[in-house]
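A single chain comes next, written as structure tokens; it is the form predicted alone.
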Amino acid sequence: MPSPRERAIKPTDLRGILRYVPMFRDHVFVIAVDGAVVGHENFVNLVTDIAVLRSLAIKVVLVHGIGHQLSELAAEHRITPSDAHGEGPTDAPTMALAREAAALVSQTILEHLSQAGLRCAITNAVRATRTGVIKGRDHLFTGKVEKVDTALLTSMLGQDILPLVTPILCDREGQSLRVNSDHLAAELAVALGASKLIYLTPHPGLTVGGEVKVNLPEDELAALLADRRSGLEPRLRSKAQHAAFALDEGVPRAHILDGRVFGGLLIEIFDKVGLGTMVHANDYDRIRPARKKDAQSLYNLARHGARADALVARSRQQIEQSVADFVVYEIDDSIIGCAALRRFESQPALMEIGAVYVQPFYHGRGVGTKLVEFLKRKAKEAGARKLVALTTQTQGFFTGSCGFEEGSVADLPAQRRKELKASGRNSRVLTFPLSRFSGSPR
């Protein structure tokens, strides 16, 4: 039976879960499972959770560790391993144990995945190279990731095959090398453009001063890692370091949680609070208020949007007059997306999100969603209680990715209703109650 702290998702939570389903559909999650978690009795339930993710069209790549099993084999053979986790040197006897441990763990995982009806395959899609000599110390058979065959992994995921990647990799000559699974998972997440990197551990999360950090911004994690007196457990420090690397390379979310908790994986992903530690990139660093000098760039975006009939046509003068309503998304000093937040004097508790447009090259990268989430936060901070959006072509984006619901013209102030009628666009009205907004989703 689950303990009181092992919260299960209740039927009443399903509506909330369903809001996230369109957001994560066809996204890649890289899940790294510690060897100690594979050996735990809850692993069968964890595989069921992975099956649930797959049923929701979430693509999963699974990486496993072997430190726990390697240590057990070493004790059984009365061998002192040179390093159990693939961070220090791996001598020949330890390498032999690592290969045996990897075979045992991989087979155990394959059996459980097969019982859950999941198609899976162990793959050599990752190539390693020797770590070499560090500070005068030869790391022998310890390796690091040299190349990820993203085409092969993408093909497997496209065929509904779950790739299983072991921490025993081959180099260019076919020599087996022991690779740290935390490092391996992070490299895979970066190469595949994963939405989430998830570390399933025998720990409740990143603990500082006896307290588990639930939400941790990337910059706070960097400060925590820089402080050697923070008291992070060595195994968690490794995961934190590789999570920081992944976020720095563009992975939006990294999670560190206890894989032994019943239902823990689903709780972490679909519950607002979660179970363990979520480290998140500073999503809004590239979003800023528009300035007068941005008027030409905004006009160009609006013109492209109007040509596709996705936006109302606006003149340069109109944009200059309303530039304070806009926010822009900037990459390398170039504006690639915009959105606007309109206030209504007659109804201060109501605001409108509009002019959401992203250059086609950047479609599918979550830029539009981040702009809308930024404006949700801004509207809530300004005291608004409800948002409206008018759209002719992007209803699926607002309802699927941003949580809006079908509304009606009755949700609009009188002046806005007149404007809509005069435009002849017959736009659909969508609404979002800001009572549901609690910040960035997990």
Ligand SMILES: CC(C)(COP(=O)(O)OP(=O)(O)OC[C@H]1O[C@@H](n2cnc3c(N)ncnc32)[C@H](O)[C@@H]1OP(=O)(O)O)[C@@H](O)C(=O)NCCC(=O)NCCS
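Just so we're on the same page, rigid core means the largest C-alpha set that superposes within 1.5 Å between forms. It should be emphasised that the depicted structure is a prediction, and the values quoted were computed from it without experimental measurement. In case it trips you up, residue 1 is the first one in the sequence shown, and so on.
Keep in mind that the form predicted together with the named molecule is missing from the display, and what follows is about it.
S.K.: The named molecule isn't shown here, but in the predicted complex which of R342, R130, R365, R99 has a heavy atom within 4.5 Å of it?
M.R.: Flagged contact: R365.
S.K.: Considering non-hydrogen atoms and a 4.5 Å limit, which listed residue (T201, S106, T369, N180) is close to the named molecule in the predicted complex?
M.R.: Spelling it out, the residue with a heavy atom inside the cut-off is T369.
S.K.: L164: heavy atom within 4.5 Å of the named molecule in the predicted complex?
M.R.: Heavy-atom contact with the named molecule at 4.5 Å: absent for L164.
S.K.: Would Q393 count as a contact of the named molecule in the predicted complex, using a 4.5 angstroms cut-off between non-hydrogen atoms?
M.R.: Yes, contact at 4.5 Å.
S.K.: With a cut-off of 4.5 Å between heavy atoms, is S401 one of the residues that contacts the named molecule in the predicted complex?
M.R.: Taking the distances in the predicted complex, the answer for S401 is yes, it comes within 4.5 Å of the named molecule.
S.K.: Could you confirm whether V358 comes within 4.5 Å of the named molecule in the predicted complex, counting heavy atoms only?
M.R.: V358: contacts the named molecule in the predicted complex.
S.K.: Among 57-65, 38-46, 407-415, 393-401, which stretch has residues with heavy atoms no more than 4.5 Å from the named molecule in the predicted complex?
M.R.: Looking at the other structure, the answer is 393-401.
S.K.: Could you run down 300-318 and flag each residue that has a heavy atom within 4.5 Å of the named molecule in the predicted complex?
M.R.: Counting only heavy atoms within 4.5 Å of the named molecule in the predicted complex, the contacting residues of 300-318 are A310, L311.
S.K.: Please say whether, between this form and the one not shown, the C-alpha of A98 moves by 2 Å or more once the core is aligned.
M.R.: Not so; A98 is displaced by less than 2 Å.
S.K.: Once everything's superposed on the core, is G67 shifted 2 Å or more at the Cα between this form and the one not shown?
M.R.: False for G67: its C-alpha shift is below 2 Å.
S.K.: Rigid core fitted, then: does Q393 show a CA shift of 2 angstroms or greater between this form and the one not shown?
M.R.: It does shift by 2 Å or more.
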